[in-house]
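Take a look at this single chain, the form predicted on its own, given in structure tokens.
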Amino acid sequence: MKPSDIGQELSKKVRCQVSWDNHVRDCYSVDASSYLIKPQIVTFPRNESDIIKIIKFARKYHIPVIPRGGGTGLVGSALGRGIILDMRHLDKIKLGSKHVKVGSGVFKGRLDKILKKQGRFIGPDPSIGPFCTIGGMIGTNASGIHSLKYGSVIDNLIQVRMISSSGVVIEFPGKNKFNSIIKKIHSKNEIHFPKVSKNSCGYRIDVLSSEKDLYKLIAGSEGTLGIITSAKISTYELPKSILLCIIHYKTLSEAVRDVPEIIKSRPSAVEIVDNNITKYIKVNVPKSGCLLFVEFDNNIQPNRKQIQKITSGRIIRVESDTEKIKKLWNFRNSALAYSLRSITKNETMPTLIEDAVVPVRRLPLLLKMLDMISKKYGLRMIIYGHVGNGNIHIRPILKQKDLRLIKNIAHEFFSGVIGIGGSITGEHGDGLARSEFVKMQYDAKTYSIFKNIKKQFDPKNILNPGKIISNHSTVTRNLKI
């Protein structure tokens, strides 16, 4: 069917806006990733009824359905050739005493402002947070700077409501036909997952122990199991006091060697930025070497003394003023934007290997591997991220826009990460960039469970097909370089 035929036919069935205009389709053919795929039509559902009708229509004609939030994802999870669901209108917020119920289209920036008035916040806080939607954050199992203490989305979810591939409203936890999945998972042989503090690769069956846990399966599922319409998420009291220490190190290796000892004092965040980032920070900090940001939101005075004993670097700033701390964190949150300033018009920086996570004590091994890859392929690399979790964001800068080179680097890097006990993605998801490597991350038995889960939830394979479970190589296909 042509886009106009699909659009005209679907418009008769739903009340929401349906667009097959070329300009609109072009806008939704890109997101924050390195990919470009033009959808057939774009829809703007206003309620669950619209979504149910769209899914039933898509199921009838076997058209893929791809949910989309803020379009801030880095691996192409929200791109596809079928029907895009822009979830912005599902934006209701209902406050509870220790939780909040939110529509999947709620932007985190808006939610943060509302919660702040109540003296509360949600734990996951991606650096691009104000522009993320809750549905997108659940879809990738987002985490962020303070995940060291407050966890990823999967650790903060209480309930998920979604529309199934057959157009039925489902709530987890709750009675539904999918509860039997738990028994089938646990009747299999032992599953093997990397022993890391966060993981967004594949379906998180490692955290499922009973039917009540099934909602956790939706975290990180990237819209492949159902269309999330709302969720209940835990909230926390805003800390009464905060201490931020900025520590300078001559090298990244020196910095990561200190991290295992630093996290023993239970900081709320431990972040790193390299000299590609520090040279753009508009405060008085060294422009060479790297910086470690260490924050505490409890036991402030004891931790202030302890960090001085632990670190082998030079503490260049200690801040306790909340507003000043916020400004300093803005520099860290702008790391991705700063990294883009480091490339020329003849270079490219694809978002492919940007989210590895390893056991914290193996961070030195990860850096050695990156050094070897850099020398082998003649690359520059920008490095920053959540070292307290062992989660580093790596942005390779390529002089050659060579697809074979890109694929070789991705394969070599992912193999190395898995070899040292890590995961190929800690918080950004699999998407187009990594889905073909999920079967490399896990053994054949675990991957077969993933395939069975997808088949039970989406037997017609219309929900964001090709993500997580993939039969094709997509790492370099549709790259906009």
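On a predicted model such as this, the values are computed, not experimentally measured, just so you know. Start at 1 and count along the sequence shown; that's the residue number.
Another form exists, predicted together with a small molecule; not displayed. Remarks below refer to it.
- The stretch in contact with the small molecule in the predicted bound form, judged by heavy atoms within 4.5 Å, is 125 to 133, chosen from 172 to 180, 125 to 133, 253 to 261, 286 to 294.
- At the 4.5 Å threshold, heavy atoms of Gly71 reach the small molecule in the predicted bound form.
- For the chain shown alone, Leu398 is not a contact residue for the small molecule in the predicted bound form, no non-hydrogen atom being within 4.5 angstroms.
- In the predicted bound form, Pro350 stays away from the small molecule, with no heavy atom inside 4.5 Å.
- At the 4.5 Å threshold, heavy atoms of His386 reach the small molecule in the predicted bound form.
- Think of it this way: in the predicted bound form, the small molecule has a heavy atom of just one of Gly202, Pro267, Gly80, Gly226 within 4.5 Å, and the residue is Gly226.
- A single residue from the set Leu365, Leu336, Met381, Val196 has any heavy atom within 4.5 angstroms of the small molecule in the predicted bound form; that residue is Leu336.
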